Structure formats: structure tokens, C-alpha cells
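Quick heads-up: it's one chain on its own, the form predicted on its own, in C-alpha cells.
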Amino acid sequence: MQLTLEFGGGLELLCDSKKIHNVNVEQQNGEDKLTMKGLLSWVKTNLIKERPEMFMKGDTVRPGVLVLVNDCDWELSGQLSTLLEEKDVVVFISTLHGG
């Protein structure tokens, strides 16, 4: 499944400082639909190059990471159970900044 993933607010530093990734994600465990839970697992394994604990906590994103699926907050579409479709755009933005 072709997806566009965007990382901002400092999260791009965990992915070789690249903000936009056009990726092809295969469904996990023979599932016919890709969920956000499956995508997060794929991102952790394939894109995050360092300090995955800054992006994920358990099987979801850390508190303070805003997730948008096609410009819609994932909290409105089911969070981890959100179903993804071909050519969806998923954006991860850290809202936490050191100081």
C-alpha cells in the first residue's frame, strides 16, 4: 500500500532528518486492511533510525505527538484502529519542545 508519511516538530530527526517519506507498506500477519497500529509498528521497524522511545510508547505514539490522517486528527477516526487506504497521507508532529 502506497502511503505518504510526514514527520515534523523535530520527529524528522529520528528518520535521518527527512521530513517526507513515500513508502510502500505491506499488511502484517495476513491482514487484508492496514490499521494505524500496523503502520506504527512498520514505521518503528523501517523508518525510525534512532531513539524510538521519542516516537513511541508501547504500541502507540508518545503523548505530545499529534497524528493526522488526511488532515484529520486520528482521535476522531479511531486512533490505532483507524483503517488506512491507498495514497493516504499520515502526518506526525511533535508538540513538545525542550527549553
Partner chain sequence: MEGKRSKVRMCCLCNQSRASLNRPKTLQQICRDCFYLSFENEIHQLIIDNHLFTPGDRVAIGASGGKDSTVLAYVLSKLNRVHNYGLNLFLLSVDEGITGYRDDSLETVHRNQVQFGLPLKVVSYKDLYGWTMDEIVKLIGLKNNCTFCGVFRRQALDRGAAFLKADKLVTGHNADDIAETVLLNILRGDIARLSRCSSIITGEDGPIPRCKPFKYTYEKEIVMYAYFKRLDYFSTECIYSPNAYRGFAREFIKDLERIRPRAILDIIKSGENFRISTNTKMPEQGTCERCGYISSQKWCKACVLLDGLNRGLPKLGIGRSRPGIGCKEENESRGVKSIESKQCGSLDF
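Numbering follows the first chain given and starts at 1. The structure presented is a predicted model; accordingly, all values stated were derived computationally and were not measured.
In what follows, reference is made to the form predicted together with its partner chain, a form of this protein that is not presented.
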item	value
Close approach of Val61 to its partner chain in the predicted bound form, 4.5 Å, heavy atom	yes
Its partner chain contact in the predicted bound form: Gln27, any heavy atom under 4.5 Å	no
Heavy atom of Val91 within 4.5 Å of its partner chain in the predicted bound form	yes
Partner proximity in the predicted bound form: Val69 to its partner chain, non-hydrogen atom cutoff 4.5 Å	yes
Interface residues of 40-55 toward its partner chain, as seen in the predicted bound form [heavy atoms, 4.5 Å]	Arg51, Glu53, Met54
